[in-house]
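The data below hold one chain only, encoded as structure tokens and taken in the form predicted alone.
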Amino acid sequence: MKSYSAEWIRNVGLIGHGGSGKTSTAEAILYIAGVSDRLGKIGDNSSIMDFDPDEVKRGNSTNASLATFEFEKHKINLIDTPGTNNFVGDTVGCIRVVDGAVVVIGAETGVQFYTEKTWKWANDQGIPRIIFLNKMDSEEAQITSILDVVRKKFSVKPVLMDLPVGKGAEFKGIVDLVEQKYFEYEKDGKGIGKPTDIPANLADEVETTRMELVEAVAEADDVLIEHYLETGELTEEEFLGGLRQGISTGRLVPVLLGSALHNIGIDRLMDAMVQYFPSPDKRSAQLATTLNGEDTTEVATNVEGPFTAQVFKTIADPYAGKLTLFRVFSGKLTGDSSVYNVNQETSERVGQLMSLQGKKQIQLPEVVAGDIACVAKLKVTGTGDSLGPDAKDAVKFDDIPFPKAVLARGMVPKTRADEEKISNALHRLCEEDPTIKVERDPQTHELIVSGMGAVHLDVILERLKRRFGVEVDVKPPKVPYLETIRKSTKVQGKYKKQTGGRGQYGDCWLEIGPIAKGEGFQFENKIVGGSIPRGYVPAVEKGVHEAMAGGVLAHFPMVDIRVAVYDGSYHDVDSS
């Protein structure tokens, strides 16, 4: 694939709630773009985006997938993101690197929980959005009520750019209110709408809805609204310019209609992605910090500037090794060169640069500012790391705020061989998925693996077995109980041993009492008169610490105790 400058690149994310049809939309886009020779289906091996065995088995996305293709002289980097609580961590990193987001909403289910979550994440990044109402072929499809919810929940102005022709199974095309044409689709799934005259029975509705669209465009711009109020109309140039401006600023959110399953309206969505989403050089500069951590700088999309990039995803490929996906914010990078990893404070050697189409790798001569690429076998670079040309000119981008794990399980390797392999296997899975947390509990000595939910943990187990040949037994984590005491007491500890020569002798009185919860441990020396020499007192405290490691009730560690040594005795020869 040839190199494209920033103005001819579009970085687009498909976001929304699981089951809304994001991956089906991506498959239809790739089919129209000529990447695939058939319309990929979710849950079988024909899907380009859901190629992982876990996704084929479960019939939904467990990973974010990238597919790069050429369309109308543009290069589009399309990222299909998961929309369920178990795998949505990938979505956060992908939203960081796109310049526009298509919010896919099922026309029969409407706005759901992760529609709201992903909308907020895109809003926080200032990313322009297009709503694609999918599944318009459903008998329960609705438009007005969904747009009312969007208007109220997101405080935005959604504007219809399409009108459906036919309802449910009779849905066969759309009226494009911008071009004022009717696009009719065959049921063959090829996805190319045939422009024809607007049906007569829709003429009034088209005129009314088109007028509402023109008014919305005028209201989104102070200059246009004055002109519109004076003349009552906008020229075609003013209308299209105002529409692009309103979308890029977020004042307008265009709503397109279609059916990914039957490949209806997808070609109009692709045109909108090219026409209305900004190119990388039109996006505002990215904020970053210099290596001293004190100064903030802005990184503009400029191919002449120093190379800066951020890693947004890592793939543990069983054949190609570790694949690192990154977005270049400024400068350019060629293969067989080196980069400086700001987070790890070390240089990395870069081999062949690639772009991805699902699992297929396409070689690139270079990657320039605004583009997304992939490189294999970086040694220390992980998801979220910032890359630069060298330690002098490198800057650090904000960390990606991945969600925290919510469910933990204890894992015990089944065999000695599994025990030897599990650390490396879990390390590689953590590189791929930052929402996985692995730790060894210092009290119970259990290996604890945490994830985003039960399904997430099931997928982790399946990947351990399939990719690395590691099998484990899973059980709920042991509760790390602690013990304490409720009353004060005094106790003597005495040790005496004679072995024929120099013996061993130690004797002390301790005063033990409870303290407030959370205060841990307090030790006090109340020896008066030298009954125990000062040099031996630290040994007494050390002995108390050792005893507290296992309590008297169930041998759990003891906490929230105050211990004072106040008396005792020693022997000039035998004490040591």
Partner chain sequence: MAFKIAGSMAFKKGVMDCKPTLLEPVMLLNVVIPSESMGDVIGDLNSKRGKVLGVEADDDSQNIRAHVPMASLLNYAPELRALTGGRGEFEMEFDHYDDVPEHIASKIIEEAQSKKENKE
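All of these numbers come straight from a predicted model, not from anything done at the bench. What we label the rigid core is the largest C-alpha set whose atoms superpose within 1.5 Å from one form to the other. Numbering follows the first chain given and starts at 1.
Heads up, the form predicted in complex with its partner chain isn't pictured, but that's what we're talking about next.
- Listed stretches are 447 to 455, 247 to 255, 124 to 132, 296 to 304; the contact stretch with its partner chain in the model of the complex is 447 to 455, by a heavy atom cutoff of 4.5 Å.
- Of the residues F239, Y228, Y505, F468, just one reaches its partner chain in the model of the complex with a heavy atom at 4.5 Å or closer; this is Y505.
- The contact residue chosen from K421, K117, K396, R210 relative to its partner chain in the model of the complex is K117, the criterion being a non-hydrogen atom within 4.5 angstroms.
- When contacts are judged by a 4.5 Å heavy atom cut-off, Q112 counts as touching its partner chain in the model of the complex.
- Taking the partner from elsewhere, I485 is found to have a heavy atom lying within 4.5 Å of its partner chain in the model of the complex.
- In the model of the complex, at least one heavy atom of P476 sits within 4.5 Å of its partner chain.
- When contacts are judged by a 4.5 Å heavy atom cut-off, K157 does not count as touching its partner chain in the model of the complex.
- The candidate spot formed by L426, I436 and V472 is out of contact with its partner chain in the model of the complex: none of the three has a heavy atom within 4.5 Å.
- Using a 4.5 Å cut-off on any heavy atom, the residues of 72 to 97 that reach its partner chain in the model of the complex are, in sequence order, N85, N86.
- G503 is among the residues whose C-alpha shifts by 2 Å or more between this form and the one not shown once the rigid core is aligned.
- Comparing the forms between this form and the one not shown, the C-alpha position of V12 differs by less than 2 angstroms, with the core used for superposition.
- In a rigid-core overlay of the protein, F556 has its C-alpha displaced by under 2 Å between this form and the one not shown.
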